[in-house]
Ligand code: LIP
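Just the one chain here, laid out as structure tokens, in the form predicted alone.
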Amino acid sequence: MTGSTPTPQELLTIAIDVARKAADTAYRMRGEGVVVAATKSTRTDVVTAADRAVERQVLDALATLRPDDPVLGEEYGEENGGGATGPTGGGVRWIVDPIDGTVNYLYGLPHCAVSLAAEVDGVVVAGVVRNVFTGEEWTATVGGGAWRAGQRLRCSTETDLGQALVATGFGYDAARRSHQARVVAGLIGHVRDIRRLGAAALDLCLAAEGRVDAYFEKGLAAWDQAAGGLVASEAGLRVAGLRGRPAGPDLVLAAPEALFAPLHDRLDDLDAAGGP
């Protein structure tokens, strides 16, 4: 499948096959025992041997299936294919998070996933998120909807922010977590409740099928949100940042249209995109 740009569905077919095998490897390695290989931004921001092994497996698989495509991964950065020019210069780029929710994986908590997305000219067009422990799998193609277990996903129909169950996440830096805790403290009295589950890609997928009503988080990288963000948007959620900005490191907010404005305004008042 080299040469002309494949369709989103063709890219999704590749992504599903690669992600399933990667998730199997992560699950097997968890059973063999977790080895912390390194830390990144802080001592609590761990990298396991499985993170590296799974990402290398994905890179090797894509190098065989799509040798000209560059790949952006959390552990190894960007590896260029034989001829593609990058995310906005034509062709396909893959974005992989080998284990989203590494701390959950470290502790054996069943909320972590392999996330793999394909973008064309800088636009994510296909994505898959697969839970390492449970095998639950969410997929989406641009314009083709979001799906799990053969069922098309629709986001929550909740219209009252006071009745909304909202998911969020915290960064690894202590100063950032403290700021995010203040945001949560200012928000929790205005919503039904808040959930912090620890894996952004899965949180976006849960929002896509209404298992939470909305989700927000500061500090997400491309690999955290690429596949899950597409699943969320294809399920009807509005995925954006604050004050007209696109979703990105400053903030990712995913909410149904009826909840987006009131949640956006509350988060803006609380300076959710600010702080460290």
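A quick note: this is a predicted structure, and the numbers were derived from the prediction, not measured. Sequential numbering from 1, following the sequence displayed.
The following text describes the form predicted together with the named molecule, which does not appear among the structures shown.
Colleague: Counting any heavy atom within 4.5 Å as contact, can you tell me which stretch out of 229-237, 214-222, 28-36, 60-68 lines the named molecule in the predicted bound form?
Modeller: Residues of 214-222 come within 4.5 Å of the partner.
Colleague: Within 4.5 Å of the named molecule in the predicted bound form, heavy atoms considered, which of Ala199, Ala126, Val96, Val132?
Modeller: Comparing distances to the named molecule in the predicted bound form, the residue within 4.5 Å is Ala199.
Colleague: Flag Thr139 as yes or no: does it have a non-hydrogen atom within 4.5 angstroms of any non-hydrogen atom of the named molecule in the predicted bound form?
Modeller: Taking the distances in the predicted bound form, the answer for Thr139 is no, it never comes within 4.5 Å of the named molecule.
Colleague: Looking at the partner-bound form in the predicted bound form, is Phe170 within 4.5 Å of the named molecule by any heavy atom?
Modeller: Looking in the predicted bound form, residue contacts with the named molecule include Phe170, since a heavy atom lies within 4.5 Å.
Colleague: Check Glu74 for me: does it contact the named molecule in the predicted bound form (non-hydrogen atoms, 4.5 angstroms)?
Modeller: Result yes; Glu74 sits at the interface with the named molecule in the predicted bound form.
Colleague: Answer yes if any heavy atom of Ser156 is within 4.5 Å of a heavy atom of the named molecule in the predicted bound form; otherwise answer no.
Modeller: Contact check for Ser156: no, nothing within 4.5 Å of the named molecule in the predicted bound form.
Colleague: Sequence order please: the residues of 123-145 with a heavy atom within 4.5 Å of the named molecule in the predicted bound form.
Modeller: Stretch hits: zero.
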